[in-house]
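Just the one chain here, laid out as structure tokens, in the form predicted on its own.
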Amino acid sequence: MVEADRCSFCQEPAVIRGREQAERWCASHLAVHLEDRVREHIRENSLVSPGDHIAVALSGGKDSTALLLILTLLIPEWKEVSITAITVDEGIAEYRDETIESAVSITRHLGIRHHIISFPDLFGADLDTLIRRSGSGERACTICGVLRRKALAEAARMIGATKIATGHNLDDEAQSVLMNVLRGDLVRLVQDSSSGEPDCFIPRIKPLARITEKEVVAYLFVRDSYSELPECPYAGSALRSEIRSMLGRLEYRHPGTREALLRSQAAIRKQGGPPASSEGVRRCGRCGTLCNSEICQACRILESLGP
């Protein structure tokens, strides 16, 4: 084996190349390196506080599985911090059953409390039924995204969580920035759910926000926790799918594009001043959930779909 195929920190075979092209990582050094970076990101941004009960959004996919694995390793380092995994069952045929099975398996293996909440229980119908009512599959990701966020928040409140942790990685974050720019959505570009109003909304944290998708997959392989799962059947119609492909090409040709997008967002947020006050928060006139308007976004969507 040539020297370039060896880990930069020992003589074991390398499994992945680092962000610096000269760096290569063996399985053990890769795992420790990524865990250290997540630990540092959490510390630098004060994502976890003593006494927190963290609701970990666990879809059963690669990102949320890696998030749960790493948080489980780090939890003994934090004072009186606990975690509970939450899985939202949207009710997507030939997709959700398999990912839920994966979520149940990993929580049992780790000995983590696991709470499952479903669309039919909360909204009276599964996502497939709601999409059929909409008459267009193009709205699938919008409908799902809004209702899934509401379901996750409701489940977090039910278990008494103080934070919600999601598995968004660096690629996801950069894609979201670009999507919001292309949509001209300044509100979503500058808002920061992780620093919201704890007295009104449960803050969301993203411990993997500086880890690339490639690194997440490699981590799961070296931790022997990677599973090949089906892709959501609605994903192909989403704008994010196109943005993901475009950003992947840009990153390949212009390394550092993802980080540059996040730096731009941070600069815009800094110029935008402090977040909006919670004084405008009110109860939704339909479901009673706290929101920023008379009717919450979830109820507006459900009303538009009819009975």
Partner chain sequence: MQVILPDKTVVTRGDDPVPIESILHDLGILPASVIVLKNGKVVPEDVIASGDDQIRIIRIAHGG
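Note that the structure is a prediction, hence the values are computed from the model and not measured. Positions refer to the first chain, counted from 1.
The form predicted together with its partner chain exists for this protein as well; it is not shown, and the discussion that follows is about that form.
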Fill in the blank from the handout: Partner contact check in the predicted complex: of 263 to 271, 62 to 70, 34 to 42, 48 to 56, the stretch with a heavy atom within 4.5 Å of its partner chain is 62 to 70
Problem - in the predicted complex, the residue from 88, 131, 218, 178 that sits within 4.5 Å of its partner chain by heavy atoms - result: 218
Handout entry: Within 4.5 Å of its partner chain in the predicted complex, all of 15, 214 and 226 (non-hydrogen atom)
Key = yes
Problem - Proximity of residue 187 to its partner chain in the predicted complex, heavy atoms at 4.5 Å - result: no
Practice task
Would you check, heavy atoms only and a 4.5 Å threshold, whether residue 235 touches its partner chain in the predicted complex?
Solution key: yes
Practice task
Check whether residue 231 has any heavy atom within 4.5 Å of a heavy atom of its partner chain in the predicted complex, and answer yes or no.
Solution key: yes
Exercise for the section: Mark residue 303 yes when one of its heavy atoms lies within 4.5 Å of a heavy atom of its partner chain in the predicted complex, and no otherwise. Expected result: no
